[in-house]
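Just the one chain here, the form predicted on its own, laid out as structure tokens.
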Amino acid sequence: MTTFDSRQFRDVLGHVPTSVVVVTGIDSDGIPQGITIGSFVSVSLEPPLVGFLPGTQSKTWNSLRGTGKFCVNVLAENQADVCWKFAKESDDRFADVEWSPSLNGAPAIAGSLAHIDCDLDSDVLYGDHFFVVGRVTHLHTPTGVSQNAMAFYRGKVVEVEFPE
């Protein structure tokens, strides 16, 4: 039995910075889809696996999971507008967002620090989220973009500066 509520749980865990990525793909109707994720992790080096946790109620993830392919777009410090655009369910998230197809055909968002193409390895239900594991098939780090990453910390977007 817990002695705390979900708000306290969220507030306490908000002290742990998390990465900010947009997971994109093309749904079964050929329409680009994307969702902001604040729970992206490296899972394994051999084989190369990454993971993230979309909510079970996410229409976007539910529309992408059947395609078996997606691209993780690692957001740069100056992409807060992209972060918030893909954080909300809507039909026009790609309006005014520049992108091109990644090697697996998923949208690679311009200005991102990295694009990580994946094949869906597993998708397991845990509580009110799925734990999605992707097998990395391609990696791309564009040139000429900001070198600072975006992160979530205490419910806000913050910049993470990396030494060169």
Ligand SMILES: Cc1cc2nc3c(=O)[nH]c(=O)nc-3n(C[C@H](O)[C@H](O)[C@H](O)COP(=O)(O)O)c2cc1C
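One rule holds for the numbers: they count along the sequence shown, beginning at 1. Not measured: the values here are computed from a predicted model.
Not pictured, yet referred to below: the form predicted together with the named molecule.
Taken together, the three residues S122, G134 and H138 all stay farther than 4.5 Å from the named molecule in the predicted complex, as judged by their closest heavy atom.
Taking I109, I116, I35, A106 one by one, only a single residue has any non-hydrogen atom within 4.5 Å of the named molecule in the predicted complex, and it is I35. Proximity of L53 to the named molecule in the predicted complex falls within the 4.5 Å heavy atom cutoff.
Not displayed here, the named molecule is approached by Q57 to within 4.5 Å at the level of heavy atoms in the predicted complex. Residue contact with the named molecule in the predicted complex: H129 places a heavy atom within 4.5 Å of it. At the 4.5 Å threshold, heavy atoms of C83 reach the named molecule in the predicted complex. Stretch-level contact analysis of 96-104, 65-73, 38-46, 24-32 against the named molecule in the predicted complex, using heavy atoms and a 4.5 Å limit, identifies 38-46.
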